[in-house]
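In the block that follows, a single chain appears as C-alpha coordinates, in the form predicted on its own.
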Amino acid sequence: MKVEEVKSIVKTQRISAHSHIKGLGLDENGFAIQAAAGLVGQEQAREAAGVVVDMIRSKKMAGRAILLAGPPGTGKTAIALATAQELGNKVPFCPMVGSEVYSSEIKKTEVLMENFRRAIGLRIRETKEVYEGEVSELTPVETESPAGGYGKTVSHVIITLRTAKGSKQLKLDPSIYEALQKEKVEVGDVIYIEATSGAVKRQGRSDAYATEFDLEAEEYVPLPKGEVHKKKEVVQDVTLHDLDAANAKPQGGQDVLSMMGQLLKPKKTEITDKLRQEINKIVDKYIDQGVAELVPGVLFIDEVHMLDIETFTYLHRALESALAPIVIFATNRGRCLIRGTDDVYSPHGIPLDLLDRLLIIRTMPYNRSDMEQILKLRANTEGLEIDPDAISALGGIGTKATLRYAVQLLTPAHLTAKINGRNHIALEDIEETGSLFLDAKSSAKILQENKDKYMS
(Lines give C-alpha, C1' and ligand atoms only; values in the text may rest on other atoms or scores of the structure.)
Protein backbone atom coordinates (compact mmCIF):
# COMPACT_ATOMS: atom_id res chain seq x y z
CA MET A 1 0.00 0.00 0.00
CA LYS A 2 1.39 3.42 -1.02
CA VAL A 3 0.90 6.32 1.39
CA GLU A 4 1.46 9.85 0.12
CA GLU A 5 1.48 13.01 2.20
CA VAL A 6 -0.97 15.65 1.00
CA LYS A 7 0.91 18.94 0.67
CA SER A 8 -0.60 22.13 2.08
CA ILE A 9 -2.60 24.12 -0.46
CA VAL A 10 -2.13 27.40 1.41
CA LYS A 11 -0.34 29.89 -0.85
CA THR A 12 3.18 30.81 0.25
CA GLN A 13 3.48 34.56 0.66
CA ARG A 14 6.55 36.22 -0.80
CA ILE A 15 8.72 37.75 1.92
CA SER A 16 9.64 41.28 0.92
CA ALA A 17 12.54 43.37 2.23
CA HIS A 18 10.25 45.07 4.77
CA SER A 19 7.76 42.31 5.71
CA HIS A 20 8.88 42.52 9.34
CA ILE A 21 8.08 46.25 9.80
CA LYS A 22 5.04 46.70 12.10
CA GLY A 23 5.49 50.29 13.34
CA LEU A 24 7.99 52.84 14.66
CA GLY A 25 8.59 50.95 17.93
CA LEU A 26 8.09 53.91 20.30
CA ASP A 27 7.06 53.77 23.97
CA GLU A 28 4.08 55.72 25.42
CA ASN A 29 6.27 58.81 25.86
CA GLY A 30 7.40 58.81 22.21
CA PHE A 31 10.94 57.52 22.91
CA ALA A 32 12.35 54.85 20.57
CA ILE A 33 12.89 51.36 21.99
CA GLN A 34 16.27 50.11 20.74
CA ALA A 35 14.71 47.12 18.92
CA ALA A 36 10.91 47.03 18.52
CA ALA A 37 8.17 46.61 15.87
CA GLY A 38 10.75 45.31 13.36
CA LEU A 39 13.04 48.35 13.60
CA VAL A 40 16.52 48.38 15.14
CA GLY A 41 18.56 51.48 16.04
CA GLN A 42 17.99 54.85 14.28
CA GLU A 43 16.43 56.10 17.54
CA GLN A 44 16.58 59.81 16.65
CA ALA A 45 15.06 59.30 13.18
CA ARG A 46 12.26 57.13 14.62
CA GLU A 47 11.47 59.64 17.36
CA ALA A 48 11.34 62.44 14.74
CA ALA A 49 8.95 60.29 12.66
CA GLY A 50 6.84 59.80 15.82
CA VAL A 51 6.52 63.59 16.19
CA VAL A 52 5.43 63.76 12.52
CA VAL A 53 2.76 61.08 13.19
CA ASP A 54 1.42 63.19 16.09
CA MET A 55 1.33 66.27 13.80
CA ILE A 56 -0.56 64.29 11.15
CA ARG A 57 -3.10 63.04 13.71
CA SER A 58 -3.68 66.59 14.98
CA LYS A 59 -4.07 67.75 11.33
CA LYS A 60 -1.11 70.16 11.42
CA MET A 61 0.97 68.85 8.49
CA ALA A 62 -0.80 70.65 5.64
CA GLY A 63 1.45 72.08 2.92
CA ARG A 64 4.58 70.41 4.27
CA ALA A 65 6.48 67.23 3.54
CA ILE A 66 9.22 65.04 5.06
CA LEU A 67 12.69 64.30 3.66
CA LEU A 68 14.58 61.23 4.87
CA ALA A 69 18.25 61.84 4.05
CA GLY A 70 21.05 59.37 4.70
CA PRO A 71 23.51 56.91 3.13
CA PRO A 72 22.20 53.80 1.28
CA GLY A 73 20.95 51.00 3.52
CA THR A 74 20.18 53.12 6.59
CA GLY A 75 16.47 52.29 6.85
CA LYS A 76 14.81 55.22 5.02
CA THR A 77 12.15 53.08 3.31
CA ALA A 78 11.60 51.12 6.54
CA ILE A 79 10.91 54.33 8.52
CA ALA A 80 8.52 55.62 5.81
CA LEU A 81 6.59 52.33 5.87
CA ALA A 82 6.60 52.29 9.69
CA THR A 83 5.14 55.84 9.70
CA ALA A 84 2.23 54.64 7.54
CA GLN A 85 1.74 51.61 9.82
CA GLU A 86 1.56 53.91 12.87
CA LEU A 87 -1.25 55.89 11.23
CA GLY A 88 -3.38 52.73 10.88
CA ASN A 89 -3.88 49.58 8.79
CA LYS A 90 -6.46 51.18 6.50
CA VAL A 91 -4.31 54.23 5.71
CA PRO A 92 -3.17 54.07 2.04
CA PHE A 93 0.60 53.72 1.51
CA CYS A 94 1.76 54.43 -2.05
CA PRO A 95 5.49 53.91 -2.72
CA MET A 96 7.17 55.11 -5.93
CA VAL A 97 10.64 56.05 -7.16
CA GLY A 98 11.60 59.31 -8.84
CA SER A 99 12.40 57.64 -12.17
CA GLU A 100 8.77 56.39 -12.52
CA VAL A 101 7.71 59.79 -13.87
CA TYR A 102 9.67 59.25 -17.11
CA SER A 103 7.18 57.21 -19.12
CA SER A 104 6.76 57.22 -22.89
CA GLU A 105 2.98 56.71 -22.50
CA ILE A 106 2.00 59.36 -19.97
CA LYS A 107 3.03 62.86 -18.88
CA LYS A 108 5.36 63.34 -15.88
CA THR A 109 2.85 65.46 -13.99
CA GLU A 110 0.13 62.89 -14.67
CA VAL A 111 2.20 60.11 -13.07
CA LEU A 112 2.73 62.29 -9.98
CA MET A 113 -0.95 63.26 -9.72
CA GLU A 114 -2.04 59.63 -10.17
CA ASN A 115 0.18 58.56 -7.25
CA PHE A 116 -1.04 61.52 -5.17
CA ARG A 117 -4.62 60.31 -5.70
CA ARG A 118 -3.65 56.69 -4.89
CA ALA A 119 -2.39 57.92 -1.50
CA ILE A 120 -5.70 59.60 -0.51
CA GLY A 121 -8.36 57.28 0.87
CA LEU A 122 -12.10 57.84 1.19
CA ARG A 123 -14.03 55.89 3.83
CA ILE A 124 -17.70 55.81 2.83
CA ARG A 125 -20.26 54.91 5.50
CA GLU A 126 -23.81 54.32 4.38
CA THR A 127 -26.81 52.92 6.24
CA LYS A 128 -28.60 50.75 3.69
CA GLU A 129 -31.71 48.63 3.69
CA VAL A 130 -30.47 45.11 2.90
CA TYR A 131 -31.46 41.48 2.82
CA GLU A 132 -28.67 39.51 4.51
CA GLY A 133 -28.25 35.81 5.23
CA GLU A 134 -26.95 32.42 4.17
CA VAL A 135 -28.23 31.23 0.79
CA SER A 136 -30.21 28.03 1.42
CA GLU A 137 -32.01 28.00 -1.98
CA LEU A 138 -31.12 29.50 -5.34
CA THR A 139 -33.49 28.57 -8.18
CA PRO A 140 -33.63 30.42 -11.52
CA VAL A 141 -37.10 30.21 -13.13
CA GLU A 142 -36.96 30.01 -16.94
CA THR A 143 -39.58 31.05 -19.48
CA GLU A 144 -39.90 30.95 -23.27
CA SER A 145 -37.76 33.54 -25.05
CA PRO A 146 -39.85 36.60 -26.06
CA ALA A 147 -37.90 36.69 -29.34
CA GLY A 148 -39.27 33.26 -30.24
CA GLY A 149 -37.27 30.22 -31.28
CA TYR A 150 -36.11 27.39 -29.03
CA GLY A 151 -34.15 29.42 -26.47
CA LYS A 152 -35.26 30.15 -22.93
CA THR A 153 -34.54 33.12 -20.69
CA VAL A 154 -34.54 33.57 -16.92
CA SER A 155 -37.74 35.41 -15.94
CA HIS A 156 -36.92 35.63 -12.20
CA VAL A 157 -34.93 33.94 -9.43
CA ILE A 158 -36.21 32.42 -6.22
CA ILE A 159 -33.67 32.80 -3.39
CA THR A 160 -34.03 31.86 0.27
CA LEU A 161 -31.84 33.64 2.83
CA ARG A 162 -31.42 32.20 6.33
CA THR A 163 -30.22 33.91 9.54
CA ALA A 164 -30.00 32.77 13.18
CA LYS A 165 -33.48 34.29 13.74
CA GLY A 166 -35.36 32.99 10.70
CA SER A 167 -35.48 32.80 6.89
CA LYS A 168 -37.10 34.69 4.03
CA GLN A 169 -37.82 33.73 0.41
CA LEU A 170 -37.26 36.46 -2.20
CA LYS A 171 -38.24 36.79 -5.86
CA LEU A 172 -35.51 38.67 -7.75
CA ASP A 173 -35.19 40.23 -11.22
CA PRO A 174 -32.94 38.61 -13.90
CA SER A 175 -30.50 41.56 -13.54
CA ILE A 176 -29.88 40.57 -9.89
CA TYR A 177 -29.36 36.96 -11.06
CA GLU A 178 -26.55 38.25 -13.32
CA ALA A 179 -25.02 40.01 -10.28
CA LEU A 180 -25.26 36.75 -8.29
CA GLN A 181 -23.45 34.89 -11.09
CA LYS A 182 -20.79 37.60 -11.29
CA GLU A 183 -20.11 37.25 -7.53
CA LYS A 184 -20.14 33.41 -7.98
CA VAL A 185 -22.80 32.98 -5.29
CA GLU A 186 -23.72 29.39 -4.38
CA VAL A 187 -25.90 27.67 -1.78
CA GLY A 188 -24.08 28.01 1.57
CA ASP A 189 -22.64 31.47 0.87
CA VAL A 190 -23.37 34.45 3.15
CA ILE A 191 -24.47 37.45 1.06
CA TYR A 192 -26.35 40.71 1.32
CA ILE A 193 -28.54 42.32 -1.36
CA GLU A 194 -29.22 46.06 -1.27
CA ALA A 195 -32.98 46.64 -1.33
CA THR A 196 -32.87 49.85 -3.42
CA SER A 197 -30.12 49.20 -5.98
CA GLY A 198 -30.13 45.38 -6.09
CA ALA A 199 -26.34 45.30 -5.66
CA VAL A 200 -25.04 41.94 -4.40
CA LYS A 201 -22.07 41.49 -2.05
CA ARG A 202 -20.70 38.02 -1.23
CA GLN A 203 -19.19 38.08 2.28
CA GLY A 204 -17.83 34.52 2.33
CA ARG A 205 -18.79 30.91 2.91
CA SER A 206 -20.95 30.04 5.93
CA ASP A 207 -18.79 28.60 8.73
CA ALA A 208 -21.17 25.60 8.87
CA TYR A 209 -19.22 24.31 5.83
CA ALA A 210 -15.77 24.94 7.38
CA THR A 211 -15.06 21.22 7.84
CA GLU A 212 -15.33 20.52 4.09
CA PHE A 213 -12.15 20.07 2.06
CA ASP A 214 -11.83 23.27 0.06
CA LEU A 215 -9.19 23.66 -2.65
CA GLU A 216 -9.35 27.47 -2.63
CA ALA A 217 -8.79 27.95 1.12
CA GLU A 218 -12.18 29.70 1.38
CA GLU A 219 -12.89 32.52 3.83
CA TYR A 220 -15.60 31.45 6.30
CA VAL A 221 -17.99 33.85 8.05
CA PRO A 222 -20.55 33.23 10.83
CA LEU A 223 -24.29 33.00 10.20
CA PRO A 224 -25.76 36.54 10.43
CA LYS A 225 -27.86 37.38 13.50
CA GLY A 226 -31.19 39.20 13.55
CA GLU A 227 -33.79 39.37 10.77
CA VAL A 228 -33.08 38.80 7.07
CA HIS A 229 -34.48 42.25 6.17
CA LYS A 230 -32.56 44.89 8.13
CA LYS A 231 -30.73 48.21 8.05
CA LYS A 232 -26.96 47.75 7.86
CA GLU A 233 -24.06 50.21 7.97
CA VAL A 234 -21.85 49.45 4.97
CA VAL A 235 -18.24 50.74 5.17
CA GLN A 236 -16.24 50.93 1.95
CA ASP A 237 -12.61 52.05 1.64
CA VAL A 238 -11.55 53.42 -1.76
CA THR A 239 -8.86 55.78 -3.00
CA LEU A 240 -9.49 58.88 -5.09
CA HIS A 241 -7.59 57.19 -7.95
CA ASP A 242 -10.07 54.26 -7.78
CA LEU A 243 -12.91 56.77 -8.26
CA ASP A 244 -11.02 58.49 -11.12
CA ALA A 245 -10.34 55.20 -12.92
CA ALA A 246 -13.91 53.90 -12.44
CA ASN A 247 -15.42 57.08 -13.91
CA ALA A 248 -12.86 57.35 -16.74
CA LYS A 249 -13.74 53.95 -18.22
CA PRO A 250 -16.38 54.13 -20.96
CA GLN A 251 -19.34 51.93 -20.09
CA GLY A 252 -19.49 49.80 -23.23
CA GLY A 253 -21.93 47.03 -24.01
CA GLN A 254 -21.33 43.32 -23.49
CA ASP A 255 -21.02 42.40 -27.18
CA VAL A 256 -17.78 41.06 -28.68
CA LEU A 257 -16.93 44.26 -30.59
CA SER A 258 -17.27 46.39 -27.46
CA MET A 259 -15.08 44.00 -25.46
CA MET A 260 -12.42 43.94 -28.20
CA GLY A 261 -12.45 47.75 -28.26
CA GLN A 262 -11.69 47.79 -24.53
CA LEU A 263 -8.82 45.31 -24.98
CA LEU A 264 -7.22 47.32 -27.80
CA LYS A 265 -7.16 50.55 -25.76
CA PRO A 266 -3.74 51.51 -24.34
CA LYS A 267 -3.33 50.38 -20.74
CA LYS A 268 -2.30 53.83 -19.45
CA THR A 269 -4.83 56.53 -20.22
CA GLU A 270 -4.70 60.05 -18.84
CA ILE A 271 -7.54 61.15 -16.58
CA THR A 272 -8.54 64.74 -17.29
CA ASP A 273 -8.41 67.54 -14.71
CA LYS A 274 -12.09 68.23 -15.45
CA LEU A 275 -13.03 64.68 -14.38
CA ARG A 276 -10.94 64.99 -11.21
CA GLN A 277 -12.62 68.31 -10.34
CA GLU A 278 -16.06 66.73 -10.77
CA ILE A 279 -15.08 63.82 -8.51
CA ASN A 280 -13.66 66.26 -5.94
CA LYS A 281 -17.04 68.08 -5.89
CA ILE A 282 -18.89 64.80 -5.25
CA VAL A 283 -16.35 63.82 -2.55
CA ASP A 284 -16.77 67.24 -0.86
CA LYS A 285 -20.56 66.80 -0.97
CA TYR A 286 -20.31 63.35 0.67
CA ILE A 287 -17.99 64.74 3.37
CA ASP A 288 -20.37 67.67 4.10
CA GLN A 289 -23.29 65.23 4.41
CA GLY A 290 -21.29 63.07 6.84
CA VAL A 291 -21.55 60.07 4.51
CA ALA A 292 -17.77 59.87 3.95
CA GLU A 293 -14.52 60.91 5.59
CA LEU A 294 -11.17 61.64 3.99
CA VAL A 295 -8.24 59.40 5.00
CA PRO A 296 -4.98 61.10 3.92
CA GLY A 297 -2.40 58.37 3.31
CA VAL A 298 1.35 58.38 2.78
CA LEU A 299 3.00 58.97 -0.61
CA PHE A 300 6.61 57.79 -0.42
CA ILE A 301 8.87 59.08 -3.23
CA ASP A 302 12.25 57.33 -3.06
CA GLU A 303 15.30 58.61 -5.00
CA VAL A 304 13.71 62.08 -5.10
CA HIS A 305 16.87 63.49 -6.76
CA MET A 306 15.74 61.70 -9.94
CA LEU A 307 12.88 64.20 -10.37
CA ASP A 308 13.55 67.19 -12.63
CA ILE A 309 12.92 70.94 -12.21
CA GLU A 310 9.48 70.71 -13.90
CA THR A 311 8.18 68.03 -11.53
CA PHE A 312 9.57 69.89 -8.49
CA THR A 313 7.59 72.96 -9.58
CA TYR A 314 4.46 70.82 -9.94
CA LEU A 315 5.01 69.37 -6.46
CA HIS A 316 4.65 72.89 -4.97
CA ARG A 317 1.08 73.15 -6.26
CA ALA A 318 0.24 69.56 -5.32
CA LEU A 319 1.46 70.01 -1.72
CA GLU A 320 -0.72 73.13 -1.29
CA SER A 321 -3.84 71.34 -2.53
CA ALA A 322 -6.72 70.81 -0.09
CA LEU A 323 -6.70 67.14 -1.07
CA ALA A 324 -3.04 66.24 -0.44
CA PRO A 325 -1.57 63.14 1.23
CA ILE A 326 1.41 63.08 3.59
CA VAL A 327 4.45 63.16 1.27
CA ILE A 328 7.71 61.54 2.39
CA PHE A 329 10.78 61.97 0.18
CA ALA A 330 13.98 59.95 0.52
CA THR A 331 17.45 60.42 -0.98
CA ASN A 332 20.99 59.17 -0.49
CA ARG A 333 22.64 62.02 -2.46
CA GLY A 334 24.62 64.95 -1.09
CA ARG A 335 25.03 68.21 -3.01
CA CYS A 336 24.33 67.49 -6.67
CA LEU A 337 22.96 68.91 -9.93
CA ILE A 338 19.20 69.48 -10.11
CA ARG A 339 18.00 67.35 -12.99
CA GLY A 340 16.73 69.38 -15.95
CA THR A 341 19.22 72.21 -15.35
CA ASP A 342 22.80 72.70 -16.60
CA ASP A 343 24.49 74.43 -13.68
CA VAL A 344 22.11 74.62 -10.68
CA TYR A 345 23.50 72.59 -7.76
CA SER A 346 21.57 72.08 -4.54
CA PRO A 347 21.62 69.87 -1.41
CA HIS A 348 20.12 66.43 -2.24
CA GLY A 349 19.37 67.65 -5.80
CA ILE A 350 16.21 69.43 -4.54
CA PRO A 351 15.54 73.15 -5.29
CA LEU A 352 16.01 75.40 -2.26
CA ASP A 353 12.44 76.74 -2.35
CA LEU A 354 11.09 73.17 -1.97
CA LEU A 355 13.70 72.31 0.68
CA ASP A 356 12.23 75.19 2.77
CA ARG A 357 8.93 73.26 2.93
CA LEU A 358 10.54 70.02 4.16
CA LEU A 359 11.15 68.66 7.64
CA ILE A 360 14.45 66.81 7.16
CA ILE A 361 15.10 63.61 9.14
CA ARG A 362 18.65 62.25 9.05
CA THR A 363 19.41 58.51 9.10
CA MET A 364 22.83 57.28 10.28
CA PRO A 365 24.91 54.21 9.30
CA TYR A 366 24.31 51.15 11.51
CA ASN A 367 27.00 49.89 13.91
CA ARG A 368 27.95 46.20 14.04
CA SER A 369 25.68 45.38 17.00
CA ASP A 370 22.63 46.86 15.19
CA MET A 371 23.53 44.97 12.01
CA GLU A 372 23.65 41.66 13.90
CA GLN A 373 20.22 42.34 15.42
CA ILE A 374 18.78 43.17 11.99
CA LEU A 375 20.32 40.00 10.50
CA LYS A 376 18.75 37.90 13.30
CA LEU A 377 15.40 39.59 12.62
CA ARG A 378 15.63 38.93 8.86
CA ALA A 379 16.64 35.28 9.43
CA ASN A 380 13.63 34.85 11.74
CA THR A 381 11.29 36.53 9.19
CA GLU A 382 12.53 34.21 6.43
CA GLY A 383 12.26 31.14 8.73
CA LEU A 384 16.01 30.42 8.74
CA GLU A 385 17.97 28.93 11.66
CA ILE A 386 21.42 30.50 12.07
CA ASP A 387 24.24 29.94 14.59
CA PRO A 388 25.46 32.89 16.73
CA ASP A 389 28.99 32.73 15.25
CA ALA A 390 27.49 32.83 11.74
CA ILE A 391 25.52 35.97 12.69
CA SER A 392 28.75 37.50 14.05
CA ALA A 393 30.57 36.70 10.78
CA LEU A 394 27.74 38.26 8.74
CA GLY A 395 27.90 41.35 10.98
CA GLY A 396 31.60 41.65 10.13
CA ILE A 397 30.81 41.36 6.42
CA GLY A 398 28.13 44.06 6.78
CA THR A 399 30.62 46.40 8.48
CA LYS A 400 33.23 45.94 5.73
CA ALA A 401 30.75 45.92 2.83
CA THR A 402 27.08 46.94 3.40
CA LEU A 403 24.15 45.67 5.47
CA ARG A 404 22.18 44.95 2.29
CA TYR A 405 24.95 42.67 1.00
CA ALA A 406 25.07 40.81 4.34
CA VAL A 407 21.27 40.28 4.26
CA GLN A 408 21.51 39.00 0.66
CA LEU A 409 23.97 36.29 1.77
CA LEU A 410 21.38 34.68 4.11
CA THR A 411 19.49 32.74 1.42
CA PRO A 412 22.55 31.37 -0.49
CA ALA A 413 24.11 30.43 2.88
CA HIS A 414 20.91 28.51 3.77
CA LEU A 415 21.09 26.64 0.43
CA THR A 416 24.77 25.83 1.07
CA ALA A 417 23.85 24.49 4.53
CA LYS A 418 21.17 22.22 2.99
CA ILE A 419 23.71 20.87 0.46
CA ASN A 420 26.04 20.14 3.40
CA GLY A 421 23.23 18.23 5.16
CA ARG A 422 22.28 20.83 7.80
CA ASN A 423 19.03 22.67 8.59
CA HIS A 424 20.83 25.58 10.24
CA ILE A 425 23.36 28.06 8.83
CA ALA A 426 26.82 27.56 10.35
CA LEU A 427 30.00 29.67 10.18
CA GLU A 428 31.48 27.53 7.39
CA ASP A 429 28.38 28.17 5.22
CA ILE A 430 28.93 31.94 5.54
CA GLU A 431 32.64 31.54 4.69
CA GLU A 432 31.87 29.33 1.68
CA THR A 433 29.16 31.69 0.38
CA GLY A 434 31.39 34.72 0.99
CA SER A 435 34.09 33.16 -1.19
CA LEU A 436 31.63 32.64 -4.07
CA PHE A 437 30.27 36.20 -4.30
CA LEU A 438 31.73 39.69 -4.34
CA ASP A 439 30.35 42.82 -2.72
CA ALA A 440 30.46 46.18 -4.56
CA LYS A 441 33.59 47.43 -2.73
CA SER A 442 35.59 44.24 -3.42
CA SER A 443 34.53 44.28 -7.06
CA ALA A 444 35.58 47.94 -7.43
CA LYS A 445 38.97 47.14 -5.86
CA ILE A 446 39.57 44.27 -8.30
CA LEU A 447 38.61 46.53 -11.21
CA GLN A 448 41.09 49.16 -10.02
CA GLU A 449 43.92 46.62 -9.61
CA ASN A 450 43.27 45.05 -13.03
CA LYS A 451 42.09 48.10 -14.98
CA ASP A 452 44.50 47.36 -17.87
CA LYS A 453 42.66 44.04 -18.49
CA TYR A 454 39.22 45.63 -18.89
CA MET A 455 37.84 47.73 -21.72
CA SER A 456 37.32 51.38 -20.79
Ligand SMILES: Nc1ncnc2c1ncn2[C@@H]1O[C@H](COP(=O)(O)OP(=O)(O)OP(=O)(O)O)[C@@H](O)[C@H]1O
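Please read these numbers as outputs of a predicted model, since none were measured by experiment. Note that residue numbering follows the sequence shown and begins at 1.
Not pictured, yet referred to below: the form predicted together with the named molecule.
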Look up in the predicted complex whether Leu409 has a non-hydrogen atom within 4.5 angstroms of the named molecule, and give yes or no. no
Would you check, heavy atoms only and a 4.5 Å threshold, whether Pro71 touches the named molecule in the predicted complex? yes
May I ask you to state whether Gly75 is within 4.5 Å of the named molecule in the predicted complex, using heavy atom distances? yes
Please check if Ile301 has a heavy atom lying within 4.5 Å of any heavy atom of the named molecule in the predicted complex. no
Go through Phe312, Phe116, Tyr177, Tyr366 and name the one with a heavy atom inside 4.5 Å of the named molecule in the predicted complex. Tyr366
Of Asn332, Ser346, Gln203, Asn280, which residue is found within 4.5 angstroms of the named molecule in the predicted complex when only non-hydrogen atoms are counted? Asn332
Tell me, please, which stretch of 313-321, 366-374, 158-166, 93-101 lies within 4.5 angstroms of the named molecule in the predicted complex when heavy atoms are compared? 366-374
